[in-house]
Structure formats: C-alpha cells, structure tokens
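Read the single chain below, which is given as structure tokens and is the form predicted on its own.
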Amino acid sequence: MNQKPDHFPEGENFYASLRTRYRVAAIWQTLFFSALLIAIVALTALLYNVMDGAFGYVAFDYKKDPAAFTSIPMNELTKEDLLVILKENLSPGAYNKLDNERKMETRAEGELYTLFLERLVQIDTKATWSMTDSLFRSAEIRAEAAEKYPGAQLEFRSWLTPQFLTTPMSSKAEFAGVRTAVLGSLWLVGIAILFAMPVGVGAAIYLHEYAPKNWLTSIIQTNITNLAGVPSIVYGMLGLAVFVRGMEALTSGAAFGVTDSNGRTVLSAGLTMGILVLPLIIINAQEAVRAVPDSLRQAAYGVGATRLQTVWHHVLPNALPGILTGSILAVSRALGETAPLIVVGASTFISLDPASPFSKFTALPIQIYQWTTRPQSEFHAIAASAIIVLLALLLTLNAAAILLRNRFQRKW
C-alpha cells in the first residue's frame, strides 16, 4: 500500500508553509538590497569627500607687487611680455637653467605665466575652504576673509586643472602638479605588465594543460593561492632584497653603462609590482583556460593536432578575453599600491620625469601620501585632486578590461 510522504504539507499547512517561505525570501531580499544601498552610500560619500577638497574658495595674496615687474595688467600679458619680464628679473643662473631644461621661446604662454607667478610674484595662500562651505557659506567666508586677510584676494578655485596634470612636482602647492607621478605610475604599470603577464599566463597554461595531477602540483597550486593574499609590504621587502640589492648591477643600469643611478629605480619597482600581481594573473588565467570547453580540445586531438597546437590555436585564443580582463584588473591593484614602493625606494619629492627604466621615480599614491602629511590646507586640496586623477586611471584600466572582454568574448 502506497503512502504519501509526510514531509509534503497539504491543505492549509501547504499555504502556511508557502507564506513562510515567501516571508523569508522577502527578508533576505531586503537585506541584500540594504547591503547594496550601504555600498552605494559609502562610495558616494568617498567620492564626495574627495571632490569636496578639490574645489572651493581660496584667499591668497602676492608676496611681491606685480607692478614692480611690469606696468601691464596681469590679465593682459602676452607671451612676448612674459619672456622679457622673466629674462630681466630672473638671475642669469635661474634663467639659463630653465632655458636648458626647455627653451623658453618654445614654452606655452600659460607655462610662462606660471613661472612669472612662481618665481617673481610668489603667491602666498592664506586660507582655503571646502566646496561645501564655499557653496553654502559664501557670505560668511567673504566676511571672514575680509576681516582676517584684508589685503588678500578671494576666488573660487578648481585645484584640478589641465595645468595640474602637465606640471611636475613643486615645493609650493599652488604650482605643484602630478605629471612626474603619473609618468612614474605608467612606467611601473608597463614594466609590471611586460614581466607578469607572459610569466603568469605561461605558468597557468602549464599547470592546467601540461602538469600532472599529483601532490607536487597540488602544493604549487595551494602556494599560488596563498601568495595572492600575502600583504604587499612583504613583496616590497622581497623586491628590496632581490632587485635593489641582489640585482643592482642590472636594475641600476651599471651593466649597460649607466653610472648616475643605484638599484632604487623604476625598473626595480616595476619588477616588484610584477611579482605582487603575478599570483593574481596566474589564478585569473587558470580560470580563463578552465572555462574553455573540453570539446574543443578533443576535436583538435581528433584531427591530429598536437598538445602545443591545441593550446596555441584553440585554447589560448578562446581564453584570451578572460586572461586580458584578469590581467588588467590585477595590474590596476598595483597602480594603487604604496607600501612596496616606499620599501623599494620611491622618492617623495622629485621634479624630473622618468626617462628610462633606470631613472629615479615616484608614483601617484606616494605623491598623495606625501601631500596629505603636510600641514598646509592647500596641499590637502591638491592631494584630493591627485586622488581624482588616480581614480580616473583606475577606472580607465577597468573600462579597458570590460571593452576587451566584450570585444573578444565568445558564448558557448
């Protein structure tokens, strides 16, 4: 005699159970939606806090009267006027140094005007206010500036300008830029990609396609996974020991005839960043290779292809979207790292652009850290602007990863 299982409710019990399940589902949906809202609010607060520091009122004055250098109003100065003023008022040594760096006649009018303000007039920033205060307390700020700084000018300023992106580091916040730091970060990312991507993809292909499944392979795979979670400062110490000291002849350029450098170069830092992201690239590449259907491999073997031909002509091209996406996302992590660069020897103040792998360097995270430690509020403002630049670079890398994935992705 067949009996119905007693764990299936019937009648009113069925509807009561159904209502309970829907109620639990609604509770969990609410929790998940709340988590999403919290994440959005936190990210919005972060972005607003950064934007709040990059814009706002600034009270400033000139240490020297512009009329002492020219009778022409400052807003009417031409490029020819600025060239004459700089040549007549700068010391011969200072003018010749600027001319040797880049011919003064070839510089843009805006750059000459900046030199006029920085070297001759010398802006003195009295106080800065956040964007929120500037928008909602405008009248109070004007009254405060008139009372505390009667001779100062007050203007609403954006610290994030095209000039900020194209100007090297300066000891004065009003004239400091992130060009050197951005170029240093791009050098680091380029070297890290050139080193880590071929090594990581090759290791992933070997582990998945060639390596036998035994205890040694399992140990290697476990260690790769563990290395992905090692603190970045440990990689900095490794880079200091191996690249800066152990391979100084190579990383300093001494082996190629470079004599004005040591091991603390952009090459050492780039290789350190490459090792930092190498486990992530290996893991991402393995997942991309694993996602390729085995039917492609079996079809290739069925028509007589060797394992190398199968990997090179079928597995690798189909895994390429995932490999590129994972590699770019991994390298974007290196772009925001600070601790390894400090250990390897990044400069906190440098005004010369890196011209080769053997150059001294700095990076955007280092520059932001250095500015935020300064007590002057204007340095905090340009630090906020530099954070926006760093976020823009990270978003650009992530957008590139998405475009590459969509461009090459295939559906099975």
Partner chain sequence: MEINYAIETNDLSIHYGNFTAVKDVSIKIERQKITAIIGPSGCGKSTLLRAFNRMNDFVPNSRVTGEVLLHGNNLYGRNVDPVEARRRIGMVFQKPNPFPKSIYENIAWGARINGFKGSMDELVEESLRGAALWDEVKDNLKESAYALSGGQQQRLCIARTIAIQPEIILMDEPASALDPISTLRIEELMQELKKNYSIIIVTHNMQQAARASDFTAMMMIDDNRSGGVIEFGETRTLFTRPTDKRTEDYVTGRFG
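Positions refer to the first chain, counted from 1. Since the structure is predicted, the reported quantities are computational estimates derived from the model, not experimental observations.
Not pictured, yet referred to below: the form predicted together with the partner chain.
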The stretch from 237-245, 145-153, 306-314, 283-291 that lies within 4.5 Å of the partner chain in the predicted complex, judged by heavy atoms, is 306-314
Which residue among I275, M169, A300, L320 has a heavy atom within 4.5 angstroms of the partner chain in the predicted complex? A300
Listed residue that, although the partner chain is not shown, lies within 4.5 Å of it in the predicted complex (heavy atoms), from S295, T106, N100, N75: S295
